[in-house]
Each structure stands twice: as structure tokens, then as C-alpha cells.
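In C-alpha cells, one chain follows: the form predicted alone.
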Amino acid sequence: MEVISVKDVTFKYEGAELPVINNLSLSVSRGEYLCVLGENGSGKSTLARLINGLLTPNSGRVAVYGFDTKDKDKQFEVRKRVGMVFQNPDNQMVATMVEDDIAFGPENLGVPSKEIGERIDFALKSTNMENFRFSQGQKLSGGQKQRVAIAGVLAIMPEVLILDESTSMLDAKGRKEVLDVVKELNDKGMTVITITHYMDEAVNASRVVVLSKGEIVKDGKPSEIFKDSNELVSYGLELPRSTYIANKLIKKGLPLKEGILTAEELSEELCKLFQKG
């Protein structure tokens, strides 16, 4: 089932000479894990905001579950279904205590108090933040803050989760923590769209789209997208680091599994070789 439809969309910021999104069309199905890649200025974050209804196209149409984002009477329905986690979790935190921060969204939706408590429980459990329910948000680590930001969005019970450069301020450990949560949610059926410039984050996606100058230049499975490293370079991108290392080791004669490898898969392959040796 199609949950998001972007049809012939063009968007230009006021005062800009050229559009940042240029006649772009994209369809997203329920349960997909879509990763949108592209160098700075390619239109990734603008596309995310168009899908969420924070921006509306100059031409073309964006629909979420059939609701046109240009229809002001339907914007509430759009944002209820599409939750967005932004780059800086501090910009999303509105309360001092974690529990109150997560409750903010459901309260504004008019959710009954008893159900809000249930949603807080669900969101904390989903993000492995149950032990931080009564903690002060500003005292958490970057990765923990981002988990709270995700929990706050989950409490709204969205059907689509968009992460807009949500791991760019985190270290490698923090990024992995957040991505593990996201993958688990997707495995449970949530549609996920992640906007990133980290190639490693695309490995677990079911589909990857590459943007360049506001247009889709590649669309396919990770194995298809990362097949031609020279083409990626032309769009300002590169192979995931684990795949790059694996390819180098294969050229040196190590019998590793070919294809797109996550860091964990590469570690497992190397451990097997060491055990044999």
C-alpha cells in the first residue's frame, strides 16, 4: 500500500534563483525502510519537510495516506501520521523531565490522561529509556536525548517516522544506539524514512534513493546503489566504510563474503577467518 505520494513536485525557497526540489516524484509503501542520500544542498531535508507538510510545493502534489499537504484542513491528519525527528534533539525537547517531554505531543492531540500514560510506557520501552523516565533531559547524553526525541514522536503513534539528519551530532556509539531502535521499529511494521549523509546508515535500509540537485538520480536496493563506487563519487558520495574495507581486503586475497556488509557482518567474517587460521 502506498502511504506517501510525491508527484511532479517542485519547490523553491523565496529569493532563490533555482528550485531545491525539481519536478521530483517518489512513492513510499507501508513498512518500507527508505534511506535518502545526497551531498549538502541536494534537497534531502527539504524533501523531508515537504512530506511532513512543514513545507508545501510550488507545483505538483504531496499526499500522505491520500491527504494533500496543501489542504490546510488536512494538515493535522498529515502530521498525526508522520512524525519527524530533527538533527538537534535539544531543539525538540520542550520539558525539563523526560516523562513530561514525551507526554507533550499526545496532550496536544487531546489524548485522554490514562492513554497518555500508556503511550509514555510504550515509547520508553521502544527506545530502551525506561530507566530515565524521571531524569532531567538536559543531563542526558546526546544519544539518550535523541532516544527521548524519538520517544516523543512515538508517543504520537505515527505511522511514518522520518529522521532528518538525526544522527549527525552523535558519535559512532550514539548513532548505532539510535539506528538499532529505528531498525527494531521498522521490523515491527513502522514505515521509516531516514535522511542522512552517512553511507553506513543506508546498509540496513530496504531501499535507497540518491538525490542530486533536487532530482532523484538513483533508486534501488543498497546492493544496487553501492555497486558502482565511481558513480557515487560523481554525486559527492562514497561506499559505506565497512563495505569499502571489505572490498580492499578481498583484493588482498581474503575470502570474505562479497556485497554490502554492515560493520557487524564484517567483524563476524573476520572472526571466522581468524578462527580458521
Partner chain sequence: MQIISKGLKFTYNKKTEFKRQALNGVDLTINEGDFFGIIGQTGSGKSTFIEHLNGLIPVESGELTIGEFDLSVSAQKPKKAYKERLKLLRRKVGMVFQYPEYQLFAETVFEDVAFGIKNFFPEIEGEQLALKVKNALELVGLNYYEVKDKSPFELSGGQKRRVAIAGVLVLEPEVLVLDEPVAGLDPVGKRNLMELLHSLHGTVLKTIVIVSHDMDEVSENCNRVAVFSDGVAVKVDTIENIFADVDFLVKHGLELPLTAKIKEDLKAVGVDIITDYKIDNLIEKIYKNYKG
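Positions refer to the first chain, counted from 1. Please read these numbers as outputs of a predicted model, since none were measured by experiment. Here the rigid core means the biggest group of C-alpha atoms that line up within 1.5 Å when the two forms are laid on top of each other.
The same protein also has a form predicted together with the partner chain, omitted here; what follows describes it.
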Query raised in the report: Is every one of 169, 241 and 275 in contact with the partner chain in the predicted bound form, taking contact as a heavy atom within 4.5 Å?
Result: yes
Requested in this report: Determine which one of 229 to 237, 24 to 32, 58 to 66, 211 to 219 lies within 4.5 Å of the partner chain in the predicted bound form, judging by heavy atom distances; exactly one does.
Outcome: 229 to 237
**Report entry** The single option of 124, 199, 178, 160 touching the partner chain in the predicted bound form, heavy atom within 4.5 Å
**Finding:** 199
Query raised in the report: Is the gap between residue 70 and the partner chain in the predicted bound form 4.5 Å or less for some heavy atom pair?
Result: no
Query raised in the report: With a 4.5 Å heavy atom cut-off, would you call residue 270 a contact of the partner chain in the predicted bound form?
Result: yes
Query raised in the report: Taking heavy atoms and a 4.5 Å cut-off, does residue 16 contact the partner chain in the predicted bound form?
Result: no
Query raised in the report: Does at least one non-hydrogen atom of residue 224 fall within 4.5 angstroms of the partner chain in the predicted bound form?
Result: no
Requested in this report: Could you list the residues in 35 to 54 that come within 4.5 Å of the partner chain in the predicted bound form, counting only heavy atoms and keeping sequence order?
Outcome: 39, 40
Query raised in the report: Taking the rigid core as the reference frame, is the Cα of residue 28 displaced by 2 Å or more between this form and the one not shown?
Result: no
Query raised in the report: 2 Å or more on the CA of residue 217 between this form and the one not shown, with the rigid core superposed, yes or no?
Result: no
